[in-house]
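Here's a solo chain for you in structure tokens, the form predicted on its own.
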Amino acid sequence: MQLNYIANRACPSGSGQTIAVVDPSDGQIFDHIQRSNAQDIDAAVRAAHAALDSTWRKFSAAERGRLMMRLSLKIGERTEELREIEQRDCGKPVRQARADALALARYFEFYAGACDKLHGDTIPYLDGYSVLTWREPHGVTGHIIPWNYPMQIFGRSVGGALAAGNTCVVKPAEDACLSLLRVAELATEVGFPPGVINIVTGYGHEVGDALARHPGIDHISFTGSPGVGTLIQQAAALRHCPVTLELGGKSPQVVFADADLDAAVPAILNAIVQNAGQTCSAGARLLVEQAIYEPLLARLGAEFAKLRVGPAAMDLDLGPLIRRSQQQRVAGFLADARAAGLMVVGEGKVVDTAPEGGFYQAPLLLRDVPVGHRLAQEEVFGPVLCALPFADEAQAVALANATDFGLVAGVWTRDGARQFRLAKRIRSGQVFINNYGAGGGVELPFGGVKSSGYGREKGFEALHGFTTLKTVAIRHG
């Protein structure tokens, strides 16, 4: 049984209740976590404030950086252990789970090096004055982490917050807690003071809500659905608490007739099947210039047919979805597609040896999806790619912008002028030209516009979000 981790100690919840942990590959319960409550959140927040006031605030930026580097190295040493935990807890294929652990180490490496690089400015002003700015931590930051990439999102969120000098209270998704509880233990092993990193598990409507409403939380970072993001904002607004929100996307891949299809096809495929499509930045809409629509769909359809889905340990192209309800959600979208007469161009296969209790979904490529259909508008969070053609550049831009989301976009063209026009006209937090995701670099600021949220995590820009700016004006005559 897994316990909360508060002030460097494993702690049972005061509720006395637990939540079953299910292996998505076979649907079997293999562990339990704490079903925590508001009292547990309060204990974690108090521990975080005590650490902030007694020890963490006294660490120099360089000292914070050295400590974070030790954690990065420790995570690197324990990559395979963390991979095994994530693989079973989340159903990630071996390669994906390992990549997530390595990314977590890289986040802490990056932010370790950034700790003493966060500077203020001096401002020319009136004669007799010296004016400067300082960047100060918010204090105690709250982090609500989703289940699709727990280690990576912990790294980009908590790593940035710690580098800026905050202490943290983390609420992981109830479906994906185990790796983060282990990372908190590793932080203790390398010397993090008690209360700097605190992990409280439980349901979102109980523990997440308590964290968002707690008066001792000075900033909230949330990754999840737009609906829950709205609730987080409303709770935080009651006490004027700043928030950073990443709320998903319905990201387009825009392919022009002059594109290098040898480069585009594998990137388009990976962008929808990675993590079984359970990715906020998944390239879920394929917009193709009419002249190459049919040949590109034929090529992609053949590639989809090669894809295989199975248990995480088999390390196939896709693992299972995270839980039964997510499997049912994707099935609901596909039922709507069948009812609308949408045509399947390509479909992968769940291997015969996959356990019957696992939460599997074969990847699908659908063609001619109307722009107003829910499959072209809503985030499926499964391996479903929707294709539709466009006639010219103006229509391509209109279709790319024709959703409430604006997280990521991909543009495939050799025309340099068109590359810049599309990058400017597509409303999105990130635009990738002749690639998709740029290898997921931790240095690249990440976040959205419109219903995809606001604020930025990853890269140096995240440190600005995790600090507040103070202006100091000194009159010295």
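Residue numbers here begin at 1 and follow the sequence given. None of the values given here were measured: they were computed from a predicted structure.
Quick note: we don't show the form predicted in complex with a small molecule, though the next part is all about it.
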Self-check item: One stretch from 131 to 139, 184 to 192, 167 to 175, 312 to 320 that, in the model of the complex, holds residues within 4.5 Å of the small molecule by heavy atom
Solution: 167 to 175
Practice problem: Just give me the single entry in Gly224, Pro389, Gly406, Gly348 that has a non-hydrogen atom within 4.5 angstroms of the small molecule in the model of the complex. | Solution: Gly224
Quiz item: Of Ala257, Ala340, Ala305, Leu231, which residue is found within 4.5 angstroms of the small molecule in the model of the complex when only non-hydrogen atoms are counted?
Solution: Leu231
Quiz item: Do Ile144 and the small molecule come within 4.5 Å of each other in the model of the complex, heavy atoms counted?
Solution: yes
Quiz item: Any of the heavy atoms of Gly382 lying within 4.5 Å of the small molecule in the model of the complex?
Solution: no
Quiz item: Contact between Asp100 and the small molecule in the model of the complex at 4.5 Å, heavy atoms?
Solution: no
Exercise. Indicate whether Asn148 is a 4.5 Å heavy atom neighbour of the small molecule in the model of the complex.
Key: yes
Exercise. Indicate whether the candidate residues Ile153, His205 and Glu246 are all in contact with the small molecule in the model of the complex, with contact defined as any heavy atom within 4.5 Å.
Key: yes
